[in-house]
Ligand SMILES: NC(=O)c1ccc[n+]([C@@H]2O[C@H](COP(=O)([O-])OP(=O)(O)OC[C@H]3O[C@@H](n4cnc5c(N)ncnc54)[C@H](OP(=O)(O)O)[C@@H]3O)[C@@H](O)[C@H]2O)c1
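One chain comes next, on its own, written out as structure tokens in the form predicted alone.
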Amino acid sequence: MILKKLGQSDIEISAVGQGTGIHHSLKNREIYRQLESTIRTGIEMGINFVDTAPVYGEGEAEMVIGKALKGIRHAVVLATKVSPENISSKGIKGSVEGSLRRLQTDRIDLLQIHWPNPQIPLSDTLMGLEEIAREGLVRYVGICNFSFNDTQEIHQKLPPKHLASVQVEYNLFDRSIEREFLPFGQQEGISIVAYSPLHRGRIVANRRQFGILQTIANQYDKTPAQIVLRWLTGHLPVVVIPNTTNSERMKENAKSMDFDLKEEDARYLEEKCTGHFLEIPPRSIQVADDSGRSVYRTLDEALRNAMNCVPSPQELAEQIATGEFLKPVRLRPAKSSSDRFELLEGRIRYWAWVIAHGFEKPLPALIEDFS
């Protein structure tokens, strides 16, 4: 197993970690109970980095991990998160204490802010992070899903070497972090924790790309997923956290680190198998949803924010208006029309863009098409 430093600490983590946010099933607690044996399998295969969050299964993921790590906690680097509604100094303390109980441990190796919350002053959040670290309950801190400008600000305001990681989406389909986050992590010695490294199981944008990827995989006697995980971890600061409740798939993930990807094959993947990036007028996009999640379907609903999304579409729109856009939305061609698209992922970002720029200005999008 390839090991990498967590930030500038003396902690070594496996280049492939274990993600535990399963299939958006935030309230489906039963599926998380399948994690226990999978986690132990991963550890046996040399995967020592486990990433979770209180919101996964409403605490079920943390409780299962606590059971799985009994007797072997010392062998694991454990990361969890704080939800955006709890990122005040007081809220951080309460969230950490709850996680420690569920995880059955006396410390968290990496505590991450899950999402930003514009309603809570950044100074209060940073004070809470520093306090919890001084108390010895948390060793290092990280952030997830923050804009690049906010990431730079947090890094500057925290004590030196205190920000160990930045968690962002990164896969062969969506390489948007390569413009800023990836070189930043390399330069500042900050780990880039890549979630959804296999593009939620789809891996690439279309069947043609998958065929190219399969051809390369055959040359190495590996699966397409293993090729992509090895490509990602070939970037110095990157570690990946694929999700699975399948022990055989966990073994497959671990074995993605037992070979080297030739430089020419890596370049060919980057040239032929990257997602299709376009700018699409919002009026050409229909808000579809086949995941079972609730979504805002009208601008008025997004403005009212009845589901209390944090950050809200309005708050995210204010950030977008300054020129920052976290990452492209995901689209697929609509079956009903050749010039329309269905929105697969990024609904809050979609409405935030509309609030900031109206329905006519094109927004950044990645297109997948397996039809």
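Note that this is a predicted model, so its numbers are computed, not measured. Numbers follow the displayed sequence, beginning with 1.
There is another form of this protein, the form predicted in complex with the ligand, and it is not shown here; the text below is about that form.
Of the residues 275, 282, 242, 142, just one reaches the ligand in the predicted bound form with a heavy atom at 4.5 Å or closer; this is 242. With the partner removed from view, the residue among 96, 238, 225, 269 that has a non-hydrogen atom within 4.5 Å of the ligand in the predicted bound form turns out to be 225.
In the predicted bound form, the ligand sits within 4.5 Å of a heavy atom of residue 201. Within this chain, residue 51 lines the site of the ligand in the predicted bound form, having a heavy atom no more than 4.5 Å away. The ligand is not drawn, but in the predicted bound form it has a heavy atom within 4.5 Å of residue 56. Contact annotation: residue 116 falls outside 4.5 Å of the ligand in the predicted bound form, judged by heavy atom distances. The stretch in contact with the ligand in the predicted bound form, judged by heavy atoms within 4.5 Å, is 143-151, chosen from 143-151, 175-183, 83-91, 126-134. Contacts between stretch 153-185 and the ligand, counted in the predicted bound form as any heavy atom lying within 4.5 Å, involve 167 alone.
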